[in-house]
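A lone chain, given as structure tokens: the form predicted alone.
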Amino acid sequence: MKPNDVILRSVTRVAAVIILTFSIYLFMNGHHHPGGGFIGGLSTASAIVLLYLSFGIEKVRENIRLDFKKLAAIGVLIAVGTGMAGVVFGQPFLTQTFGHVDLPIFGDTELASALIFDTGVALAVIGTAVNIILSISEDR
């Protein structure tokens, strides 16, 4: 007999959107205030794991077709590549640079290399955390 998880699935749909929205906020706010790639990636991974728990691994894999091992590797490469960019220009490893751009809708916008580094960290954390949870679930 198949369990009736209507309430769980309904709440998960709303909660996942809220968690992912908050993850974006944490990620984007990270280089000025507490937050950034690690906590943004961890909260994104928690939303994905919540989807796995509510809808089942196979159903979520049909809709999210990502190899989380490759995602983690790409994230590490982006983070290390951003750190090495400073070395290429004769600066210490992980040297950050930034500039300002005038965008039509947003006005004066800061662009920083820390955002690229945080993207790599977030991808690495998402890939690693989801891989760990999926590996644990396969051991049962």
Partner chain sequence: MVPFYAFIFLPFIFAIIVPFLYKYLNRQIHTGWFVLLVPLSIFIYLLLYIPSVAAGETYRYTLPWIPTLEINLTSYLDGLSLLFGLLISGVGALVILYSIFYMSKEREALHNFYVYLLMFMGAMLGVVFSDHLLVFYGFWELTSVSSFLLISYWYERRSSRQGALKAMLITVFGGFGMLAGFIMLILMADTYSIRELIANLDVIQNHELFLPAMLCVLVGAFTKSAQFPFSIWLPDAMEAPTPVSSYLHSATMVKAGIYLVARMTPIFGGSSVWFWLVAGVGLITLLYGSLTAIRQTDLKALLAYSTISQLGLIMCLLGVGSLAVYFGPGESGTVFTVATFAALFHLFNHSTFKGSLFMVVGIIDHETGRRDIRFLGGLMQVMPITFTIALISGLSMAGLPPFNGFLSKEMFFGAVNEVSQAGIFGLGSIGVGFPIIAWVASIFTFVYCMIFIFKTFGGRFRPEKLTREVHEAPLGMLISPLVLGALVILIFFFPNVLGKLILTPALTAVLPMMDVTPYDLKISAWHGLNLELLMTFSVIIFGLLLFKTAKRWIVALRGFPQGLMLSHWFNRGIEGTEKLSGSLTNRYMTGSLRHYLIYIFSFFVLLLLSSLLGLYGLHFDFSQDAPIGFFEAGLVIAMIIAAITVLMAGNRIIAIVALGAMGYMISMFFVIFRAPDLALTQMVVETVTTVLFLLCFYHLPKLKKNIERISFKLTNVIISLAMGLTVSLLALSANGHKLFEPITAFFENAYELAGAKNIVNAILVDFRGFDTLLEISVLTIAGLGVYLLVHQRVKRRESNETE
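Definition used throughout: the rigid core is the maximal C-alpha set that superposes within 1.5 Å between two forms. What you see is a predicted model; the values in this text were computed from it and never measured. Residue numbers count along the first chain shown, from 1.
FYI, the form predicted together with its partner chain isn't displayed, but the following is about it.
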property	result
Contact of residue 96 with its partner chain in the predicted complex (heavy atom, 4.5 Å)	yes
Distance check, residue 79 to its partner chain in the predicted complex, heavy atom within 4.5 Å	yes
Non-hydrogen atom contact residue 42 with its partner chain in the predicted complex at 4.5 angstroms	yes
Touches its partner chain in the predicted complex: residue 86 (any heavy atom, 4.5 Å)	no
Heavy atom of each of 16, 25 and 59 within 4.5 Å of its partner chain in the predicted complex	no
Stretch 12-36 - residues with a heavy atom within 4.5 Å of its partner chain in the predicted complex	26, 30, 31, 32, 33, 34, 35, 36
Per-residue C-alpha change between the shown form and the other one, residue 53, threshold 2 Å, rigid core fit	no
Threshold 2 Å Cα movement between the shown form and the other one at residue 98, rigid core reference	no
